[in-house]
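Only one chain is shown below, in structure tokens, and it's the form predicted on its own.
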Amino acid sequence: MLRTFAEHCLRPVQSLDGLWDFLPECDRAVRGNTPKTFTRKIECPSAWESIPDLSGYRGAAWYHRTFQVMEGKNVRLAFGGVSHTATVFVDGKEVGGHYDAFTPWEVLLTGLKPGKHDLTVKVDNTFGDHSTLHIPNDYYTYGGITRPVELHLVPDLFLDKIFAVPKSGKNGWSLQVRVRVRNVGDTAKGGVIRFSVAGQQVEWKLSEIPAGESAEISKSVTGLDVKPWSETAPNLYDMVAQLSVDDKVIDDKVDRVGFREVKVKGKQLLLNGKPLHLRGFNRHEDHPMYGCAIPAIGMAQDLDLFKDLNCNFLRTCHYPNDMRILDMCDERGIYVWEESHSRQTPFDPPNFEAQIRQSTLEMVENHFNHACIVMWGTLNECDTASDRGMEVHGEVLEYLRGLDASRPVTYAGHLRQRDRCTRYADIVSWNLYTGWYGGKPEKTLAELEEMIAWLDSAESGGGKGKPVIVSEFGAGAIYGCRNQRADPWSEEWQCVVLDEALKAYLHHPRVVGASIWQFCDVRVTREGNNHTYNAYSPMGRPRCMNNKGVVDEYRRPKLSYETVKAHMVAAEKKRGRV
């Protein structure tokens, strides 16, 4: 399942997870059209790097299985994520495709004859001119169908998406609702939408939608008797939409909503009118056994460690996450900063604008209703110092804000006082590595104060008085490397750096959030990345891993685990919980 709960009760939905036919391009004797025979089998979802002889494979591979079509139904193939470029074929004919590993997407098929059909997906994880967002980087680009796949059988007129924005007022909570409906038939069609939430049901007339088009209906549901959503009380409510034509229910959609409002007021970040203080981690979707295709139990175990550490905040560096872990954060009351896919991304490739916009749009549209997401981010550690950098940050952040005005937007900058883009963010976020990429740990507080003084001056160009998040900080430590000298790469040195950082960031009145880099050690790419591959650089990547995790890749705690836990507990006691 794409989610932790069923999104449909009426619509026929089939999971396509399981064993697929599989053929890496490197196994093919003859290249060209879709293959007729397949030499292997592979479990989906998975990363093909989990197969021993493909553990470092970068290239293309072919996936195949069959599916059934019922008479009078259209097929919606819903992919949770394919890493990172996909081309879809049905019965040998190309029918769709997608770029970017980290956002859900779909292929809609009409006019298929009832019966069995062949589904083939070509997956490619290579770098090149076609790829702006997936580049050699400080995290690994895996290959494969890495998130769940579903087959939906839909009528000509069907429910596409629900977007819900909670509003608090004098008379309690209301919900602003948009329902998107698609018509893939040959004639205009209309109907009736029945929408229910928190014990209330309303009925809205849907005007006729022309053939081949989509339309949205926007309404408000008022006077709702609900309990707010927060870290301490993660109350969730089902939203159910049913679509009827000629008094017959033909389709349905289920989603969940948590009633909370997120606002920036002066130097504060507010949740339901109360100051919100975020403490937690950056977390990559990475595991030595599963790559980025972490199973649901692995996601849950990671969040159990978050809770044990007394953390309430997860930053999805540097891409949208699997919807199942977002569902789990909704259920557990963990606040999330989610960002569209980008890290030190160059702005000059011809595909940049289209690909960053597509990633941003798909992130917001598919994850809009998650109560846990309290801010959107984008463009991690990109150029914020040049005229071109200002232009891009202004455009992308304004685009993001236009997609969802109910949440603040931010970006994680690393150029310190050279940053010229603070005016475009609602929250100013800095990646600071005092004690690791320069400076001494005992200077952490002084450097933070220097940054805040700059921010509140005219020199920052518009950041004055905005809330601050320290979005990255930390130090590398190789699990089991310990010595009394606290040398770099030792677990002791990581404790020293994090101790000073957490003392400064968790208790500073101006800082509303702090996210350690990072939760667990993760694999990085080698090719084309000198910083990553330079074994002689003191700040390189031993083991071809980013080793700054507080737990290692197998989630074994390092010495810093208890250091972090003690600081998180102290911060909660001092600032309280929302």
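Note that the structure is predicted; figures quoted are calculated from it, not measured. We number the residues from 1 along the sequence you see.
Separately, the form predicted in complex with a small molecule exists; it is not shown, and the next lines address it.
Within 4.5 Å of the small molecule in the predicted complex, a heavy atom is found for all three of 318, 433 and 437. The chain is drawn here without the small molecule; in the predicted complex, the stretch among 545-553, 39-47, 506-514, 54-62 whose residues come within 4.5 Å of it by any heavy atom is 545-553. Among the residues 362, 426, 404, 138, the one placing a heavy atom within 4.5 Å of the small molecule in the predicted complex is 138.
Checking 183, 380, 74, 120 for any heavy atom within 4.5 Å of the small molecule in the predicted complex turns up a single hit: 380. Among residues of the shown chain, residue 491 is not one whose heavy atoms approach the small molecule to within 4.5 Å in the predicted complex. At the 4.5 Å threshold, heavy atoms of residue 416 stay clear of the small molecule in the predicted complex, well away from it. Interface residue remark: residue 523 is not counted as part of the site for the small molecule in the predicted complex, having no heavy atom within 4.5 Å. Interface residue remark: residue 343 is counted as part of the site for the small molecule in the predicted complex, having a heavy atom within 4.5 Å.
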